[in-house]
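A single chain comes next, written as structure tokens; it is the form predicted alone.
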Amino acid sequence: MQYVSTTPDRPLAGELAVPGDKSLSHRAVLFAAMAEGTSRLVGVLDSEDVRASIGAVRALGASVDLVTANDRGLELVVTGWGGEGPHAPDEAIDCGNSGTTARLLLGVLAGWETGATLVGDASLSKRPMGRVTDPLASMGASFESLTGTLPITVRGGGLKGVDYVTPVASAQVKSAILLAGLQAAGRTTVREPASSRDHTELLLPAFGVPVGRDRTTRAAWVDGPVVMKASDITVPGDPSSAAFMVVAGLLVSGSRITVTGVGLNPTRIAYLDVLDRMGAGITIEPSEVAGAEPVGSVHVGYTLGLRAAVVRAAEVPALVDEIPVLALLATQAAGETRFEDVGELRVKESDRLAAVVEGLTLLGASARTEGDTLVVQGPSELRGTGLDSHGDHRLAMTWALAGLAADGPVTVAGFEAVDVSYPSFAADLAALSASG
């Protein structure tokens, strides 16, 4: 599917609520399935990735009933397997393109003797799983894989707690180990070299599981074995999805946009700190707590004179999904913007690092890599061109935004990739254009 993006003939304007947070939606579904009792989940993102998690827990014996579905997301009633544990699935569990589904499920299944095989699409089957299976194996789980990628067969049970130091900061790795720790004897501790997203640490207590934390040493721990208890959860809007609408407002002259009901977890809004250093006109308005997360509105207005910024390596784990769209915005900022130590982008849904450089170059911008550092020189006049999403939802949305600032149409091939995280992206963008 192709999408053609052009410069709008008026500023973008209006108020919108982005779909539910993808990371929290995955966790809410998985945790409710693991819990004893029935949970009601509201605002769950209706996307291909999250539906992979829903399908997976159903295959493992959880009951998932759809109450309603609308633009805000899904309302689900989930009855979990609790202390009985998951059922052996009838066939391999298809994780689709969802790395979160696969990696967190490895942690969930590591605690049980159930046995299951996880498979994924061509893209997911290239992504490394050793960083998850290695620590889980040290706890006592066993895995069978020819290449260290999917398909993987996991058989668990009899786990012992570990004190594990991750080589890279990764919320998925940390979460998988902590989830396995729920069935392990003793304390399971994860220590990271930098802070990653902490949704798991915030949400587990809502399901009756105490989580210890030491923010100074970036450690989190659980004591097992423990059975989770059902909980009702409301999922706030996805900060990563909101980032694209915020950048849209900064690309089109005269625009003013408000994104409401968006999650404001400090580990998810590092992109706002970067935009602030670039001089962007942004105001954050906190309002409530939903799904154990702070929530509020983000107001953005088009800003003249954006300046370059340096994104340090320690910041990258908290904004890895936003780097492509920040790199696009950097083409409109004066000076050299540097994103340090972003090698993790090479093992996302695509080689995002190579794809960002390729795409920005085709757009007429100056972009290069220096080892694992991405360098963008601005300001640049962007030109219309044809770009490929490479099946990556973040790239599909980034290239669609490029057309807002280019001198001609930007055609995005493989635009259907947006269905992974933001199915209504094109419609929401069009609504902002129509309201201007």
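Since this is a predicted model, take the numbers as computed values, not measurements. Residue positions are given as counts along the sequence shown, with the first one as 1.
There is another form of the same protein, the form predicted in complex with shikimate-3-phosphate (S3P); it is not shown, and what comes next is about it.
Stretch 162-170 is the answer when you ask which of 162-170, 228-236, 296-304, 359-367 has residues with heavy atoms within 4.5 Å of shikimate-3-phosphate (S3P) in the predicted complex. Proximity of R346 to shikimate-3-phosphate (S3P) in the predicted complex falls outside the 4.5 Å heavy atom cutoff. With a 4.5 Å cutoff on heavy atoms, T133 does not count as touching shikimate-3-phosphate (S3P) in the predicted complex; it lies far away.
Mapping the unseen interface onto this chain, V320 counts among the residues with a heavy atom inside 4.5 Å of shikimate-3-phosphate (S3P) in the predicted complex. When contacts are judged by a 4.5 Å heavy atom cut-off, T100 counts as touching shikimate-3-phosphate (S3P) in the predicted complex. Taking shikimate-3-phosphate (S3P) as positioned in the predicted complex, the residues of 12-44 that bring a heavy atom within 4.5 Å of it are, in sequence order, K22, S23, R27.
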